[in-house]
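As structure tokens, one chain now follows by itself in the form predicted alone.
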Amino acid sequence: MNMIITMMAALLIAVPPLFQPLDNSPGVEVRLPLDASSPLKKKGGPVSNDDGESVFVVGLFNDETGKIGAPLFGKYLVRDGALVFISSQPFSLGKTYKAIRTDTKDKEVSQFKVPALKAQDAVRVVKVYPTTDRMPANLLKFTIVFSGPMRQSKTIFDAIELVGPDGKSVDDPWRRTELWNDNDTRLTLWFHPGRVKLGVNLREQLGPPLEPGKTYTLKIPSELLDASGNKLAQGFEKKIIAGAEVRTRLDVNQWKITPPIKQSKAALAINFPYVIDPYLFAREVIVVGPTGKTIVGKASMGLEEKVWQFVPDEAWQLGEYFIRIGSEVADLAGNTISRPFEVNLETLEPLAGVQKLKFLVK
């Protein structure tokens, strides 16, 4: 028992104040001080997994069966006289792990438990993009923003419903791949592309998720669980009016630019004739000044994601600027400035690349 207690004191785990399920958590590690006689103590930096596992391994402990799972994947290194193990995947919240020494005959064991997230205010749905109620029938995705981190689970695709005008749920409309941002507060919910694209067997068999001229309701139930295992504060519903399908490449020449005036911090604005994907736009668009340097400032999307504004940190100067537009900027149907979402391989036109829109500050 004394030996085990000593081991438990020697094996340390450092958990960040807020452990996020999708965070790589570089601060979470298990370390064992090395004996002076250990050949690894003379080394520094990374060591092979074979060398590391010859000293100790770490596995998930099953409280119900009392068994330890297979050794976790990760990397070993020697730092400050200790052998350190860093898991390639984050440790699971509220779970028990055991570290087992493999360089001794009696297989000394130490264990530690990763704490669950602290109780948090009830999470709610903050916004669903697109914010407009009217959208093309070949809509490609929704983006759901939550007020706090959520629990990842494949059951989310059964819980979130798309209800048709007949009051019945559309049968299995989602692409069952979880796409969360880094802190699990934003879910990209894709329609299955096979239901959206023309001429695809899945669409022919089951039909499109949305049909032009019909009204639907997106229902997000309160039963969804946040990262702490609590239900949402309340459910959320969004009305959807499906319009005509849109299957053409975006034309930036249809965008209307309202330039600012010199020596001001007035907003540069772009008005679009269609709804823009706000997250792709934020990632793909920058403003470049007369000297060729990127202008630093704050950007935002306006009403129904049809207006974009950019306010610089420093006042605009006299000269010619341009807006650099990446090729992945897209509308709600996945059509980009590079090409439409659906392409005919027989009549495929050359892809459009990065584009630039000039404007004058005067």
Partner chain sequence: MNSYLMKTLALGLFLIACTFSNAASFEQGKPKIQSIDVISFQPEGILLIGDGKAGQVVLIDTKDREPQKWTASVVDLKGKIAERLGVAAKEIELIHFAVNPVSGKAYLAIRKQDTKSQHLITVDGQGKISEFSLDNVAFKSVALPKGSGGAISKITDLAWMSDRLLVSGVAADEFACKLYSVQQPLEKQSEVILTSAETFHVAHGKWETKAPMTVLMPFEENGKKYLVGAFSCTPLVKYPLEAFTENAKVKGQSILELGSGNKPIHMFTYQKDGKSYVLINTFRFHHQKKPFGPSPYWTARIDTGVISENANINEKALKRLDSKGEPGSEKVKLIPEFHGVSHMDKLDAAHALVISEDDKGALTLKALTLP
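Numbering follows the first chain given and starts at 1. Just so it is clear, the structure is predicted and the values come from calculations on it, not from any experiment. Think of the rigid core as the biggest set of C-alphas that the two forms share within 1.5 Å after superposition.
Here the subject shifts to the form predicted together with its partner chain, a form of this protein not shown in this document.
Participant: Looking in the predicted bound form, is its partner chain within 4.5 Å of a heavy atom from each of 124, 138 and 271?
Facilitator: Zero of three within 4.5 Å in the predicted bound form.
Participant: Applying a 4.5 Å heavy atom distance criterion, does residue 276 contact its partner chain in the predicted bound form?
Facilitator: Residue 276: no contact with its partner chain in the predicted bound form.
Participant: Evaluate residue 129 for contact with its partner chain in the predicted bound form, applying a 4.5 angstroms cut-off between non-hydrogen atoms, and reply yes or no.
Facilitator: It does not: once its partner chain is placed as it appears in the predicted bound form, residue 129 has no heavy atom within 4.5 Å of it.
Participant: Are any of the heavy atoms in residue 209 no more than 4.5 Å from a heavy atom of its partner chain in the predicted bound form?
Facilitator: No - in the predicted bound form, heavy atoms of residue 209 and its partner chain never come within 4.5 Å of each other.
Participant: Going by a heavy atom distance of 4.5 Å, is residue 217 a contact of its partner chain in the predicted bound form?
Facilitator: No, no contact at 4.5 Å.
Participant: So which stretch, 99-107, 129-137, 231-239, 81-89, is the one near its partner chain in the predicted bound form (non-hydrogen atoms, 4.5 Å)?
Facilitator: Going by heavy atoms within 4.5 Å, the stretch is 81-89.
Participant: Among the candidate residues 153, 263, 291, 254, which is the single one with a non-hydrogen atom no more than 4.5 Å from its partner chain in the predicted bound form?
Facilitator: Flagged contact: 153.
Participant: Find the only residue in 60, 311, 34, 295 having a heavy atom within 4.5 Å of its partner chain in the predicted bound form.
Facilitator: Checking each option against its partner chain in the predicted bound form, the one that comes within 4.5 Å is 60.
Participant: Across 160-178, which residues bring a heavy atom to within 4.5 Å of its partner chain in the predicted bound form?
Facilitator: Contacting residues: 171, 172, 175, 176, 177, 178.
Participant: For residue 53, does the CA position differ by 2 Å or more between this form and the one not shown when the superposition is done on the rigid core?
Facilitator: Passes the 2 Å threshold, so yes.
Participant: Following rigid core alignment, is the displacement of the residue 300 C-alpha between this form and the one not shown equal to or greater than 2 angstroms?
Facilitator: No, because once the rigid core is superposed, the C-alpha of residue 300 moves less than 2 Å between this form and the one not shown.
Participant: With the core lined up, does the C-alpha of residue 320 move 2 Å or more between this form and the one not shown?
Facilitator: No, the C-alpha moves less than 2 Å.
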